[in-house]
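Here we start with a single chain on its own, the form predicted alone, put down as structure tokens.
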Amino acid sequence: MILVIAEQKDGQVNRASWEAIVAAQQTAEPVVVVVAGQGSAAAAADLAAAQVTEVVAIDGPGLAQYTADGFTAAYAQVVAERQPAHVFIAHTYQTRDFAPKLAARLDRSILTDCTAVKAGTPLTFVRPMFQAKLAADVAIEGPAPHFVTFQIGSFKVDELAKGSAPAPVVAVSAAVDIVRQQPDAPFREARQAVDLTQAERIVSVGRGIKAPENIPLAKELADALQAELAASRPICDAGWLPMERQVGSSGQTVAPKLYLALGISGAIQHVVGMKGARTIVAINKDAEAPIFELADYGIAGDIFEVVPQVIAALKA
């Protein structure tokens, strides 16, 4: 059995958690989903639409707000009771905080940032190495359960199998004895920061934008598309856009419905962060740019000539 730990906020399921469920469904094993915290009941009702065996909603004292202490204790109880073979989790910022702690508490192995799962006995997981220049097939040894986190964008939410009827939802009250942490300033900052992983449309700029004075042109296009504005690393390193808007191996990994790349060459460090997008559109005056090998649609032209025409067409 595969146990998927889903993430929610105010009753809304994190988009990446649906991807983790898709990964679990591809193993052909029974799937149980667990979600914790205030709002878990509403999130569990949404998760029950997936083709899973059961959804477990955990709430109780100490879980009103996320803390690694509280959520680790709650999840540890469910994992110990259900005894899954594997625990699948989307590799979000929250996962990075609690998952190693959870695996250590249960004295089990954890494999992070995987991009695929191969069915068989045992299950094999694909994990990029050396900035995604190589991919390793990894089979985890040691006693179950094995914890596995999946890179955002590795699985398509559209491939989610839905049940003919809602899965049963079980409400569980967790006994959380000690919570040593209090969510304070860092969590308030996180709420104000840009979470590109949740964006359905992204307009991203690269060196082809030439100067910070030209960023408003990309912003105008993003506004016309109701999209988030993002960038490759050189733009953020130069301070033209904040680091929170960086996409790539050292930034955020995204999987929007539309990714529009403006003046981005397509270096591997950037590609690993956006290759999971459903539709990729590239505009670059270099017709030989590597980004065109990945793009679904490409325009070999000057972005300063093409983008204003696109904006005008959208506004029309």
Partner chain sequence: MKIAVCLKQVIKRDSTLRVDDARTWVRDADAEFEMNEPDAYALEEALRLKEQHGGEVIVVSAGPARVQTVLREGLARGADRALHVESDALAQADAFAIAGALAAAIGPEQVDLVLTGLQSDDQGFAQVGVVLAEKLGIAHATIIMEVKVEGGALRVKRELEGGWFQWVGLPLPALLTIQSGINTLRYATLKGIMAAKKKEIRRVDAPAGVAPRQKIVSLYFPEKTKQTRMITGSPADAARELVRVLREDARVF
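Between two forms, the rigid core is the largest collection of C-alphas that superpose within 1.5 Å. Numbering follows the first chain given and starts at 1. On a predicted model such as this, the values are computed, not experimentally measured, just so you know.
A second form of this protein, the form predicted together with its partner chain, is not displayed here; the remarks below concern that form.
Scanning 165, 134, 80, 175 against its partner chain in the model of the complex with a 4.5 Å heavy atom cut-off leaves one residue, 134.
Between its partner chain and the residues 26, 279, 51, 38, the one pair within 4.5 Å by heavy atoms in the model of the complex involves 279. Taking the partner from elsewhere, residue 128 is found to have a heavy atom lying within 4.5 Å of its partner chain in the model of the complex. Using a 4.5 Å cutoff between non-hydrogen atoms, residue 240 does not count as a contact of its partner chain in the model of the complex. Remark: residue 161 does not count among the residues lining its partner chain in the model of the complex, judged by a heavy atom distance of 4.5 Å or less. Contact check for residue 156: no non-hydrogen atom falls within 4.5 Å of its partner chain in the model of the complex.
By the 4.5 Å heavy atom rule, the three marked residues 105, 249 and 295 all count as contacting its partner chain in the model of the complex. Here the chain stands by itself, but in the model of the complex one stretch of 211-219, 93-101, 80-88, 166-174, 93-101, has heavy atoms within 4.5 Å of its partner chain. Residues of 295-316 lying near its partner chain in the model of the complex, listed in sequence order, are 295, 296, 297, 298, 299, 300, 305, 306, 309, 310, 313, 314, the criterion being any heavy atom within 4.5 Å. In this overlay on the rigid core, residue 83 has a C-alpha that sits less than 2 Å away from its partner position between this form and the one not shown.
For residue 236, the Cα coordinates differ by 2 angstroms or more between this form and the one not shown after the core has been superposed.
Relative to the superposed core, residue 223 shifts its CA atom by 2 Å or more between this form and the one not shown. Annotation: residue 249/residue 92 CA-CA distance shorter in the model of the complex than in the displayed model, change of at least 3 Å. Pairwise change in the model of the complex: residue 94 and residue 249 C-alpha atoms lie closer than in the shown form, at least 3 Å.
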